[in-house]
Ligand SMILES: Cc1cc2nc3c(=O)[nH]c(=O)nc-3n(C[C@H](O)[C@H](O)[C@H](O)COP(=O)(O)O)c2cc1C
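Read the single chain below, which is given as structure tokens and is the form predicted on its own.
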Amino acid sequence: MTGETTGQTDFARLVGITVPIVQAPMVGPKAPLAAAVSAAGGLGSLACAALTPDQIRAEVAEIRRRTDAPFNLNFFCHEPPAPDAGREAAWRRALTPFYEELGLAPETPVTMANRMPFDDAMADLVAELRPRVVSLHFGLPTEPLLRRVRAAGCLILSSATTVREARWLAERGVDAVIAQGAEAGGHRGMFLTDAAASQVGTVALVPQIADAVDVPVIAAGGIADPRGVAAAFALGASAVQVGTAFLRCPEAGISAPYRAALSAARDEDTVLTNVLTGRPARSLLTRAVRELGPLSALAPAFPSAAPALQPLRIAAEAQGSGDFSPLWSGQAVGLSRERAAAELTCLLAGGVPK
């Protein structure tokens, strides 16, 4: 569909894309998925929170080798937690039976990417790479950092899980708001609330945010086929963001256990949990989620819960199991199918009003 003008919306015109479909940024998938979606006319995204600057440079170079279309770099804006040795020790004790079962020593060294918030170093990188779009999760960074992103010529997006959050973002000059419904997979973008139990569904959230702000609204959560796309536009969206359906594309490059779990999953198989990272996120109901949570007061604050789980994840995945892996998934997982990213982008575009 590259080169065609399908359902040109305010958001599509703003970004310079031909299809108002955004591939959600997800830790794991990298340049091949982002480039394929962008080349098909949508907005491909690269999740940067778990990547080093050199890794981001390499992925951006690969995206640009594959396409000259706009793309999105995504960053986290959380406050790093204060060290809490007591809570982390209690968390380790809760995991000890799993370590013993897998033949691991409790003091097994941890090697994993540290999810860092957007800072001056990443602002330097944005100024160097100059992506068309920078999206932010868990609110926004400081105003000086935002000014640096704008000075680099980037459009700024951020996620809202409530109308109050959407208004807060619009007041601070974002170019579009992602209305993240409770159905969405992955981390909740909540930042003015910690009430995971009262998170609002997409159908209720999108029209209320569309009425509350004067910038384009991107609907996210539970959208996996043209029917969901059409519904989002009927509710007032200017674009849609899709994550889980893109995970089943070969370009996503996810692990075999993850791919198998998504293929077998149905609507009742996801849950909001904090045990995988310390922050509420929607995942498939794995053994770790079921036996430790889904929500646990023991889990250290984000992102401190993840490191202690990493040796368990590595050991289990080596045995072909996703028992301790973060298998992020939205509630529309049962609608997803194995197909190429360009094909899925064009299929989703079939729901955009002409």
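Numbers for residues come from their place in the sequence shown, where the first is 1. Here the structure is a predicted model, which is why all the values come from computation and not from measurement.
If you look for the form predicted together with the ligand, you will not find it shown, but the lines that follow are about it.
Comparing 26 to 34, 60 to 68, 300 to 308, 314 to 322 against the ligand in the predicted complex, the single stretch with non-hydrogen atoms within 4.5 angstroms of it is 26 to 34.
Distance criterion of 4.5 Å from any heavy atom to the ligand in the predicted complex singles out G222 from the list P257, G222, P280, P141. The contact residue chosen from F76, F191, F98, W168 relative to the ligand in the predicted complex is F76, the criterion being a non-hydrogen atom within 4.5 angstroms. At a distance threshold of 4.5 angstroms between non-hydrogen atoms, Q241 is in contact with the ligand in the predicted complex. Contact annotation for E183: at least one heavy atom lies within 4.5 Å of the ligand in the predicted complex. Contact check for A47: a non-hydrogen atom falls within 4.5 Å of the ligand in the predicted complex. Contact between L247 and the ligand in the predicted complex is found at the 4.5 Å heavy atom cutoff.
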